[in-house]
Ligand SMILES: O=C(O)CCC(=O)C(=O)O
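The form predicted alone is given below as one chain in structure tokens.
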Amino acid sequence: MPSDTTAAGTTVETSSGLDVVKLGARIGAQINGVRLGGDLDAATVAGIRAALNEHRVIFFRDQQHLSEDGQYEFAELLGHPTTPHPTLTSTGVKSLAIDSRHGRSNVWHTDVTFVDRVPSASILRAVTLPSYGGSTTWASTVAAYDSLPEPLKRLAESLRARHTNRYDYAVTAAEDHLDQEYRREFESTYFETEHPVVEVHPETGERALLLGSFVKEFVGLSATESRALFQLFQQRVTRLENTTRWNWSLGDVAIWDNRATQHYAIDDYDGSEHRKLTRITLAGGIPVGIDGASSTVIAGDAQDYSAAESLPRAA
């Protein structure tokens, strides 16, 4: 494999032989020369999994051949697809439409953390794009944890947070950009789950901050104290050094490790512009903190959304 520096980043050598171009020191890589679909060989799939574990989010250009079925068949090679969403059941059978006509959820979040079985990964495909803007930014929650001073690491490790689908911590009523019918469906079944604030990644053994806009409160703390701590930790997540930004082209596919990232869809295009992407999520296990304690359900049953994956945990 070549190892020269390109305009996009640095090409890194991999045992799988994939052409992986690193986009940042802490997060992000582009993989070239792979035609995604359900017919990929096992070595290529293994290489994609390894790149995802290392770089947190990976991108593929020029996948215009992919249909929803092809995206789903590819997802099946990486894991077990969930139903599109725990509550949004009217938008599709295989994928969830991330459609600006339903609103613009421009807040930092990890997907579906209000259920106990947090998805392991998401696969997003660009279908319709505005003529300008509409990029997406991802942040490494592993890098965020690693950058904490030791006293804050110990504090985070001792905390648990409650996540719900009826409480976006970062959004006020005036800032709510979701269509009200869409929001009613989103909130139609109430889910609340208590997660460790620091999750141990089941495959890499790394520690990551498990937060995002579905956090309602920290257990045992007041609303004021919870908000202050939430902002303190979130500011570590969203430091620019911990992020990568992707400017979409039609046919692009992004895959991110939902256990090691947050993301933010940037609302920088006018209302007359249309943006639509299709998302398929892969089933994940129930998060575990550094003390070995798992997440616990407060309200809601996510069995119809997905089975909880039981993966061998890293030593």
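The first residue of the shown sequence is 1; numbering continues from there. Remember, it's a predicted structure, so these values are computed and weren't measured experimentally.
What follows is about the form predicted in complex with the ligand, which we do not show.
- Contact with the ligand in the model of the complex, judged as any non-hydrogen atom within 4.5 angstroms, is confined among 22 to 30, 47 to 55, 65 to 73, 276 to 284 to 276 to 284.
- Listed residues Arg207, Arg160, His109, His102 were compared with the ligand in the model of the complex; His109 is the one with a heavy atom within 4.5 Å.
- When the ligand is considered in the model of the complex, only one residue from Ala144, Leu124, Ala156, Ala121 comes within 4.5 Å through any heavy atom, namely Leu124.
- By the criterion of a heavy atom within 4.5 Å, Thr136 is counted among the residues contacting the ligand in the model of the complex.
- Using a 4.5 Å cutoff between non-hydrogen atoms, Ala265 counts as a contact of the ligand in the model of the complex.
- Mapping the unseen interface onto this chain, Phe60 falls outside it, with no heavy atom inside 4.5 Å of the ligand in the model of the complex.
- Using a 4.5 angstroms threshold between heavy atoms, Ile98 counts as touching the ligand in the model of the complex.
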